[in-house]
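Structure 1 and structure 2 below are the same protein chain in two forms, each given by itself as structure tokens.
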Structure 1
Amino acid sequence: MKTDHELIKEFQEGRETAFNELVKRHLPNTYGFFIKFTADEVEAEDLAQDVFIKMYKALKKFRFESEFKTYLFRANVNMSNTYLRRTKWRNLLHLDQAPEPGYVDTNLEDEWRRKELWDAVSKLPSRQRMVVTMRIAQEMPYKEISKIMRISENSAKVNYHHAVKTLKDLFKN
């Protein structure tokens, strides 16, 4: 089986099938990331598709300075931040769709809470944001996070700890 870097090189040389192979290999994890993030299959599909459209354009200039998995994960994080900004405004602008008085929908409350959490996560420093996102959304062990980010396992734990402390402080207020 070819490595991601070999497939990227082939894609840069004009072989479209190499890109298709990368998509087949990484789409399940990307889709899974967005499913956990949005809890909406349609949104997750759209976001995953958008990431791979961006990858199609960006890989032509890929410099092989990092692993493709790291590059793809950063694209996922960036897309999730864009999604948070976009849906925050969309939710604010659709206030006319409020439910009937007396009807209590806890799913909506849970969704707002999840959006509020991810909005707060998007405001964390970059390294903390990436560690938290990988840990929560991808359920990655610290060892894998440290490999992807090229930091020590202890540094990944410390960044996660600081991020959680910051988030707790934000939600206390």
Structure 2
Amino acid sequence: MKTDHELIKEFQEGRETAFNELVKRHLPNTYGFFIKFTADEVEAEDLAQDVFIKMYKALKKFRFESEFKTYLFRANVNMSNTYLRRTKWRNLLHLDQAPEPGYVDTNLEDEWRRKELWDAVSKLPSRQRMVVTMRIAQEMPYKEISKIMRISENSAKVNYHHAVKTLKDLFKN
């Protein structure tokens, strides 16, 4: 089986099928990241599509300085930040769509709580937001988070700890 770098090299030489192979290989992880984020299959697929369309252009200049997985994950996190910024404004305008108190539809309530949680995450400072996103959406170990964000492992843990504390305070209020 060819490595990611070998596939990228082939793609840079003009073989589009190499790009397709790369997409198929990483689609489950990328889609999985976004579905945990959005809880919406269509949105998750759109976001995954956006990321890979950007990759199609960006890989032509890929310099092989890092693992493709790391590079892709950074793109996922950036896309998630864009999504959070977009939904922050959408949520502000759609406050009346919260479920009525006393009405219990477990699925809807779960979805709304998840949206409420991500809405709160969007309010975090950017570093904390990125660490929390990677921990929740990808269950990524701190070591890997530190590599992606180019910070120390301890710094990643501290950011996560502060983020959780901030979120708890937000929900308490």
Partner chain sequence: MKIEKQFQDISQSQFSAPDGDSFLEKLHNERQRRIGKKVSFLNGLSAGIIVAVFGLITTSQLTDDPTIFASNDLTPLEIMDNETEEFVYELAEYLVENSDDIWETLTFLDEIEFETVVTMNNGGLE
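Throughout, residue numbering runs from 1 along the sequence of structure 1. Worth saying up front: this structure is predicted, and the values here are computed from it rather than measured. Under this definition, the rigid core comprises the largest set of C-alpha atoms superposing within 1.5 Å between the forms.
Shown as structure 1 is the form predicted alone, with the alternative form given as structure 2. Once the rigid core is used as the reference frame, the Cα position of Lys69 differs between structures 1 and 2 by less than 2 Å. Relative to the superposed rigid core, the position of the CA of Ala137 differs between structures 1 and 2 by less than 2 Å. Positional change of Val23 between structures 1 and 2 stays under 2 Å at the C-alpha, relative to the superposed core. At Glu153, the distance the Cα travels between structures 1 and 2 is 5.7 Å after the core is superposed.
In the core-superposed comparison between structures 1 and 2, the CA atom of Val164 travels 3.5 Å.
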